[in-house]
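One chain follows as structure tokens, the form predicted alone.
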């Protein structure tokens, strides 16, 4: 056992207009270690009034400072942020493993991914161009891309560093100012990242503000405010629909990265050892609490038994325990209520098929912890609720198919279309399947590779808008046409 020491951090405060705001000690809330259920730290909850102040500060910074028209400054700030995060990589990863519950190796990878996002958008900040045309003699049309204004960024708990920077770095590169609202489960790691950003002296006060969760009204005010021009939200499809409805009265732009029920299709000519290795890892990223986690294994009937046997052996052997014990590869569920919700789903799985491997809680080893080892369920119908619902945990379904058409029909049987993967040695088949799959991202003979340079977009109920890549900046920009008649000499 190699336990990492918990980084001691003070209460996570709200940050408004360049100032960290202390809340009343009597109202301070607790954040917990998912591995033990013990108090990890404290945070000052946000309020509607604080959210209004933060929005006003972001509005002033956008309207009254040079931020929106200073791409070199924006690039410099993002590069300095990347450098600061790199220098603090180990501490941030450890804090993330304690507060989020994920394994330390996954927490390290998450921070590294966030650093990559900051560097990538720093480069793009200096590379944005418009275009010019002469539609008729003596007249120019200039087309420019301008920042939307104030961006509201609502961050989930499952990847609180990467998913913060994925939206925030693109928004800042575009020239927007921002108000961030982190999840109530992960305020400490959010504050640690925001501290690095606002400590950069070149960034004007009010460009980045952060308001902790304080109940539904706080986030609702961010979404409904007429001074907020765009909302970037990552979370469940159900909440995304509510955000879209709440944003409608002000007709603000919404970018929604929502749920997934990601199928992995394994053909009978696939390298089974590679497929099992890749998918065991990809199904257990953050204990399966990831929208692109491999949650459905669609396996050709000819290799179903071999795949199931190999996968069960692999899932049984994965070390599960506190993420800050570096011997473990899989950490805790985010909290006990979510762990108990997943146990309820396991009880229902017997109605949907055969439970080949049933997860265990590890309560004897870790009293108060929120652990659940992996489960594998063989289902016979895509109508089963365990297939249709995003469970967000280490419960994976196994579904047989006979040919490409049946595999596609099963892959498309849910309302989601975020991502998918295909395992086959046949190049033509892999490209044919990738073309036909209705999913925003398709991986071939691998799973879960997300990079800053490549756009990600949900299909159907998996979302609206693009994240990662150059197109993500467009989510925070609008187009302006300037018409200039200059006459003829």
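Positions refer to the first chain, counted from 1. As the structure is a computational prediction, the values presented were derived from the model and not from experiment.
Just so it is clear, the following notes concern the form predicted together with nicotinamide-adenine-dinucleotide (NAD), a form of the same protein that is not shown.
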### Query
Looking in the predicted complex, is nicotinamide-adenine-dinucleotide (NAD) within 4.5 angstroms of a heavy atom from every one of 157, 181 and 213?
yes
### Summary
Only one of 75-83, 102-110, 268-276, 387-395 has residues with a heavy atom within 4.5 Å of nicotinamide-adenine-dinucleotide (NAD) in the predicted complex, and that stretch is 387-395
### Task
Report yes if any heavy atom of residue 188 sits within 4.5 Å of a heavy atom of nicotinamide-adenine-dinucleotide (NAD) in the predicted complex; otherwise report no.
no
### Query
Does nicotinamide-adenine-dinucleotide (NAD) get within 4.5 angstroms of any non-hydrogen atom of residue 196 in the predicted complex?
no
### Message
Test of understanding: in the predicted complex, would residue 322 fall inside 4.5 Å of nicotinamide-adenine-dinucleotide (NAD) by heavy atoms?
### Response
no
### Message
Check residue 263 for me: does it contact nicotinamide-adenine-dinucleotide (NAD) in the predicted complex (non-hydrogen atoms, 4.5 angstroms)?
### Response
no
### Query
Of 227, 220, 335, 404, which residue is found within 4.5 angstroms of nicotinamide-adenine-dinucleotide (NAD) in the predicted complex when only non-hydrogen atoms are counted?
220
### Query
Considering 144, 141, 236, 116, which brings a non-hydrogen atom within 4.5 Å of nicotinamide-adenine-dinucleotide (NAD) in the predicted complex?
236
### Query
Which of the residues spanning 255-278 lie within 4.5 Å of nicotinamide-adenine-dinucleotide (NAD) in the predicted complex, based on heavy atoms?
257, 258, 259, 260
